[in-house]
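Listed next as structure tokens is one chain, alone, in the form predicted alone.
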């Protein structure tokens, strides 16, 4: 491997740390690249028809996004051709072993730089996953432009970039460790970092940030968090500017509710002023106000396509689908007038749910269009509810659950 310290790091400590045998008992799921999320935010609910979905996992690491995407496609009967690309042989070996454990055969594994993607795996790709990669490149814009060059005109990307405010304390500690551990081999650097962490003063910003945990999970997690040689965070505005410079635009941040100032601000006079701001400025304000966003996950598409890319609840034929396997059981337990309470890294969020929540969600299966849901709810006993009243309650429910990443729309 070359003398690039980032390449050396991922050969020594593939990230995230994964045991392929764990695939026998669980599937790691998240954002980006949950297939229903991709369909909702990139393809307006309808995946490409009549041919396999072509996907690229660029900088795939040990394979979380890759395995999730391939397994979702297999489970849903979606034909897919997925290309995995990463610089690290050690990371690739783990990702390949995980795919073998699951019997996933839709993946082609490549080793190399995303800057060479046009040669290694020419597009066009319908969907590109680039999670936690660009912020480690010497030139993030060059990397994003390379990916944009192989993305189909009607395709999109799921991006994850580090955010600064929720990672408070990380960057001063990274700087301190570079002073102390520069030039040392990875194992010695790791030992020094653990020794330093054991003796930090209580005023240290890293110690006072309760939302950081990778350093406790594994050696690879500690190294990636505190010993990385190239690591820059992006604010909402900086991420938007990067995306724009690559000829793309943000279709949506995930989870949308975290990027809405009215999640945190309740004073009517302030809200009235906030609502005069453009959408991206509102998202930037929300990031500044809440202060705990560690990463930005967003779906991006070609400029001018964002409005058409995101599924519209008013479009005909769309079927709601719950994002989590345990949600139907939760839905059946919902009582009229109840609320969904969540903790968003220290920020309590209480979502008021409409009266028909339980009745609606008990029939949500990813195959039933919204008008048919109404008929099912009426047949189940809600005979006094008009379709207009049902639509109002569904809209309220959709806004709440889609905002926290629990409900999407797709064509059956």
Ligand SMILES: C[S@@+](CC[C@H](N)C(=O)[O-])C[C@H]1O[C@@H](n2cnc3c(N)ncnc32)[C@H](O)[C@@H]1O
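Remember, it's a predicted structure, so these values are computed and weren't measured experimentally. Residue numbers count along the first chain shown, from 1.
Not pictured, yet referred to below: the form predicted together with the ligand.
The stretch among 185-193, 131-139, 291-299, 74-82 whose residues place heavy atoms within 4.5 Å of the ligand in the model of the complex is 131-139. Using a 4.5 Å heavy atom cutoff, 15, 60 and 112 all lie near the ligand in the model of the complex. Of the candidates 87, 251, 319, 242, 87 is the one whose heavy atoms come within 4.5 Å of the ligand in the model of the complex; the others do not.
At a distance threshold of 4.5 angstroms between non-hydrogen atoms, residue 219 is out of contact with the ligand in the model of the complex. Although the partner is absent here, residue 126 is not a contact residue: none of its heavy atoms lies within 4.5 angstroms of the ligand in the model of the complex.
Contacts to the ligand in the model of the complex (heavy atom within 4.5 Å) from stretch 219-245: 224 only.
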